[in-house]
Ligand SMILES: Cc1cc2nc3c(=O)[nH]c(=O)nc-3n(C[C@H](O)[C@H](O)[C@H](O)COP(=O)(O)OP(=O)(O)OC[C@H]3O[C@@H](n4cnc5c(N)ncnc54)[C@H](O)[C@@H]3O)c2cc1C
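To begin, one chain is listed below as structure tokens, in the form predicted on its own.
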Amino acid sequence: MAQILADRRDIDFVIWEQFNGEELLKHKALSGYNRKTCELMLTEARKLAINEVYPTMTDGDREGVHLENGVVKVPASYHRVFQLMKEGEWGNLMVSEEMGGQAAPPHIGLSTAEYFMAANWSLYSYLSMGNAAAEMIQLYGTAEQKEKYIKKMTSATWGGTMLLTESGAGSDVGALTTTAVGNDDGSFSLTGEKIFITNGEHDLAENIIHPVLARIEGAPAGTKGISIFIVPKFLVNDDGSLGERNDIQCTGIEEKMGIHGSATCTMTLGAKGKCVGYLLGEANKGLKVMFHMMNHARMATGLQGMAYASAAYLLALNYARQRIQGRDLKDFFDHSAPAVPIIKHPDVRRNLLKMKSYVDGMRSFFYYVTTIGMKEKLGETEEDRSFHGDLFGLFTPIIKDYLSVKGHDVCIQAIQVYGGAGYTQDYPVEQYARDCKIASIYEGTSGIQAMDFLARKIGMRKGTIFGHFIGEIQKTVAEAKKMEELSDLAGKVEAAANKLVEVTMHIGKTAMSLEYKTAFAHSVPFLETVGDTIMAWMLLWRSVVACRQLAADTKKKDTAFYKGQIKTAEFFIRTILPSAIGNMEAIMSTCSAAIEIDDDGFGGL
């Protein structure tokens, strides 16, 4: 069965119809691009992803990576395709020209990334992961550091990572023990060990540049004393050539549930006392640098979850159209009636439409936040850029967690459509489910994203950022109420948004009271209900656009697609959104059982 990976018609709908991508292209920063150029880029990315990248996905899963004498060997099939992608400069589409990239419109660059992630995320990550590390150097590095590292990293000639996690610290970054001691030449000698380092070592790039969090000797304890350092695998000479091997080694790789083609490494620094690093930015300001990268990593993780969901849904849809099994329900008692494709069975249809509603809603939400990110960078005034930066920050934990969790749910339901066949390695949906699970864990677990959202995000600017978000929902509701076929759905979304305001005020107030632990025990369900409300909003917004397009589509060539948008919204708003309302009521009850139960009361003794 051929793989589709992503629905091109739906991508076009979101970019050009829902978010008016042609208007975005009028900005002077994007003057080198027009719609035709963008569509050609998407077409070529799709072809490359399907024909070249996707065939390596199973190889990567079955062969995995291997550590041999300190060098990680990636699956053999990765090498040729990596070179194809590198030569085509597919890894740096959204990187600025100043940094050696192509400065492509973000919504186009991210659409190509959706294809490549769905085709083989682990291979694509080797190509693109250095961009985030390079951007940190661009923002905080010296002129010499920029000249020495950035363009080699954005071209994927050199790789890039982020060495943050330690076994004794985990998400408690302030507890790290890696140390840095100053040298006479201005460099530092680092000593420590980092774990769970994605692409920490591999044989696809001639050098790997590691940004490393460490504490300078004598610096304050906790997060206030953390600095960040550039630690190359091979030291770089003044002329840009590679020098001697640095004292940073991969000493182990993880055997994981999924993403077997991705090297998840334990990295040891200074085992021989000769690990050289260079301070990036100011001393003791490492978290400021790191969080710039982290926000973009969290967006990428949300996209990863959505990409897997899209691919798994389309596989399940095609399987349901082709798999012949059972009589149509109307012919249940007629044993002479022919068997039909399983897409004719009511529960399969329900399952597929549930999957579609999440995939569609997640794609619209992701590109909505992408447009906010564009406005943060391209806004005409400082206040405009600052406002959209805060709005982007509000949505980041939702993008990261909701898309990764619901993306995995969609992958699980894809297996359900296949039945027993989906649980075997004969079909790729079981790999998508295994690969997708990590997205809700790394770059900050669900609990961390929910704590961030409750503790820091909903109260930004005294709640005005959250209020703006609710106001945007109400704008869509007002438009939908003007349309007879959407009026009732609009009322339900409006009621959910109003209820969400009530819940937000309640949990926010509780978080500032003596019952704050109870509030945080409800933080993950709270984030989920926000995500559910956003899905309903996005699907209603899609329906508004679809209704307008149906009225204007005189040739009726896209009638089924546009009517499908309305039915998808109807399904989600009438059958899934009520569960979100129930979750809101549960949060309002402020149940404290999870806090009050004795530690021994959990059992297991």
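The first residue of the shown sequence is 1; numbering continues from there. A quick note: this is a predicted structure, and the numbers were derived from the prediction, not measured.
The protein also exists as the form predicted together with the named molecule; that form is not presented, and the subsequent description refers to it.
From the list 380-388, 156-164, 471-479, 423-431, the contact stretch for the named molecule in the predicted complex under a 4.5 Å heavy atom rule is 156-164. Contact annotation for residue 288: none of its heavy atoms lies within 4.5 Å of the named molecule in the predicted complex. The shortest heavy atom separation between residue 83 and the named molecule in the predicted complex exceeds 4.5 Å. Residue 197 belongs to the set of residues with a heavy atom inside 4.5 Å of the named molecule in the predicted complex. Taking the partner from elsewhere, residue 140 is found to have every heavy atom lying beyond 4.5 Å of the named molecule in the predicted complex. Residue in contact with the named molecule in the predicted complex (any heavy atom within 4.5 Å), chosen from 525, 447, 467, 459: 447.
Proximity to the named molecule in the predicted complex, defined as a heavy atom within 4.5 Å, singles out one entry of 533, 77, 295, 264, which is 264. In the predicted complex, the named molecule lies within 4.5 angstroms of at least one heavy atom of each of the following residues of 251-280: 256, 259, 264, in sequence order.
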